[in-house]
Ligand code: IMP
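One chain comes next, on its own, written as structure tokens: the form predicted alone.
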């Protein structure tokens, strides 16, 4: 039987509403009281994601924000790594076209970079690294997940965000933009990373970490 924890607050260290909703939905079955930076009281930090890896950025976001706000913070850094582009856009996924790029602009740049490459050379993977920090800013848990697919030659589908309309799951012959949230919650990089995080969350709660 699944154990639920209905009185343990957890801040999702993101100002991205779509990402926050996705993580909140994935954590809901475990009963955590979840907020994002858009909802939290106080004055969250504006953190420069200047790390050279998803792990470095997620650790920085979790530990700095937790220490600043004095609460448990779960932060992720995720992005797209395209084989033909030697792993780009990688940690620059959200700002691939420019520092203030929209999803449409990032998608357009990616398509331009790949040009007319055939489908066999358009392999890619989404990667997500999650870090959890306690109110003292100490790193308490980490996990990572990935999901492989192919970059289409044009976007299709209205679900999700970011590169979802371009990222096709080979087994389904559909993009994340077409598949919608139910399937994405089952197979996405973020879902896989969070599933790997859940046992660590459960152990921390069982050990009384939220009470200290």
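Residue numbers count along the first chain shown, from 1. This structure is a prediction, so every number in the text was calculated from the model and none was measured.
Missing here is the form predicted together with inosinic acid; even so, the following discussion is about that form.
The partner is not drawn, yet in the predicted complex one stretch among 150 to 158, 27 to 35, 163 to 171, 63 to 71 has residues with heavy atoms inside 4.5 Å of inosinic acid: 163 to 171. Using a 4.5 angstroms limit between non-hydrogen atoms, residue 192 is distant from inosinic acid in the predicted complex. Although the partner is absent here, residue 94 lies within 4.5 Å of inosinic acid in the predicted complex, judged by heavy atoms. By the criterion of a heavy atom within 4.5 Å, residue 59 is excluded from the residues contacting inosinic acid in the predicted complex. Within 4.5 angstroms of inosinic acid in the predicted complex, the stretch 113 to 151 places a non-hydrogen atom from 126 alone.
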